[in-house]
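The data below hold one chain only, encoded as structure tokens and taken in the form predicted on its own.
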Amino acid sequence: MSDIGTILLGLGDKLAAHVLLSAAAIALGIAVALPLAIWASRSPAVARATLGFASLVQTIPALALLALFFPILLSLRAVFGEGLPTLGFLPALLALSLYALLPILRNAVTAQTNLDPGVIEAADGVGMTFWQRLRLVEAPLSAPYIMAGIRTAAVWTIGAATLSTTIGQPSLGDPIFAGLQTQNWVLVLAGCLASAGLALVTDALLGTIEKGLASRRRRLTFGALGAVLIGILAALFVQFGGGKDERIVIGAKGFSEQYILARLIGQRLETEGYAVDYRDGLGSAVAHRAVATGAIDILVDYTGTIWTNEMGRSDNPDRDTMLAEIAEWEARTSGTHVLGRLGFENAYGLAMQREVAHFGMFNDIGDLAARGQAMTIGGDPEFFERPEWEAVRNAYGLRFAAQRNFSPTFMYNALKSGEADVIGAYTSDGRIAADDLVFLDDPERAFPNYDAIILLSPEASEDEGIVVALSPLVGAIDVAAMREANLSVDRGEDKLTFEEAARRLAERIGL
């Protein structure tokens, strides 16, 4: 397990991206909230509407708010053109700015509406205009209270920004999500410490500005403000300074196999002189749309996922027919290129502990339909929303006493501990053999094929160097090799990093 100090020192890029995203979101929140507060302080109806909207936004979980901007921006592409980004910085910025709105707006409105009426009358009495009164009287008196709201917004925003990993924006959430997937608690702790440390430093600096405004000490105010600006400039230099090469962006969904394969692809490209970057932890629909629109350049996806989720197909042809139709559909609808199969299948299947399945005489999914009504079924966060689950449930008439969602890592723990009796597991997962699990047969063939395939964005598919570098991976990885690689990062005292597992996998398949 990696040393936490080493991990923290290696988070420079993630920290810089986190700083810039949080700073931009807070700045946009301030830019929207302050004019609204001035208007709201003079109109009770506006105050009710704006504060009600801001409060409503706060009731939406941050993760859901971030995800909602993906389809919103996707629909806006038809109006503003293909250049409008749907993943990464822009949706994260918009979502986090809304999340920052309430504390700034509420404190600003409260400060404005509770100003001493005598002071306002005195300002009007000496003939001040509206803008003079706002600038010379109301703003200085309200500033300390507004800063208190900005401090709260900053802490909330920095914490919520870790979730932007799920929509393709680099952040300090990257090590947290990767660590949760592999139960690498040092990695999780490093990401949490970095995020908490950033929040504490930011709160201290903004608190100093608040104190300076309250005591009218300009040196204190401008000194802390200067420190904030220096931090933002340093983050800008880390992100954009030094003449970084244009990078090939490789996407990965939120489980170990995807992380390993992304690193394997990245290492192949790096040996050919390409600079690479990774967008980890993406949901299935987000990841596919990202490669189709060029937000990422390369993705490993699965035929069954594309067939059911993207193409909306419910039939289940043989794997060659399915692949050919997917390749034609991808090329026709978006220009995405299917490079080929990697050589293994990572299918969904319903798995149980071998001993439980044996004594309960559960051999196929039909046995669950007959005798599993009192059981609890578990799945990853998206499993029960996928068309495949609906098809399996309807094909066999499945009914369970409870249905629970787990992260992929904790799903297997839930089966071992009895929190779940059966789970929607992955056939290429090394934990199947390690935990002595068995897959129930699927005689109705309700689950489709799930061959792992390499997808190239329209632009990446035109780069002959990328195609040549990745072609040796086609057909090179069997399921045993993939299971071994997955288990090497998921279990054991000496777990490998994703990069180490990718290098070992390359050696095993002769690359």
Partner chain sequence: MTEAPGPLLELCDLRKSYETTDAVSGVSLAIARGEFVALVGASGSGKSTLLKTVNRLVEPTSGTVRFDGEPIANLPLAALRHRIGYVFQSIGLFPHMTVSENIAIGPRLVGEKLAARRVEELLELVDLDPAMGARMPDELSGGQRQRIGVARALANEPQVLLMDEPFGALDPVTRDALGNRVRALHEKLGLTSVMVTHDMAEALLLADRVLVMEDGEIVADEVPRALLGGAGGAIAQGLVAVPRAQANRLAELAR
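Residue numbers count along the first chain shown, from 1. Since this is a predicted model, take the numbers as computed values, not measurements.
What comes next is about the form predicted in complex with the partner chain, which does not appear here.
Shown alone, this chain has one stretch from 292-300, 221-229, 119-127, 367-375 that lies within 4.5 Å of the partner chain in the predicted bound form by heavy atoms: 119-127.
Contact between Arg216 and the partner chain in the predicted bound form is found at the 4.5 Å heavy atom cutoff.
Interface residue remark: Leu339 is not counted as part of the site for the partner chain in the predicted bound form, having no heavy atom within 4.5 Å. Taking the partner from elsewhere, Val238 is found to have every heavy atom lying beyond 4.5 Å of the partner chain in the predicted bound form. Residue contact check for Pro85: none of its heavy atoms lie within 4.5 Å of the partner chain in the predicted bound form.
Between the options Gln132, Gln183, Asn413, Thr321, the residue in contact with the partner chain in the predicted bound form by a heavy atom within 4.5 angstroms is Gln132. This chain is displayed alone, yet in the predicted bound form one of Leu76, Val201, Leu141, Ala331 has a heavy atom within 4.5 Å of the partner chain; that residue is Leu141. Residues of 347-368 include none with a non-hydrogen atom no more than 4.5 angstroms from the partner chain in the predicted bound form.
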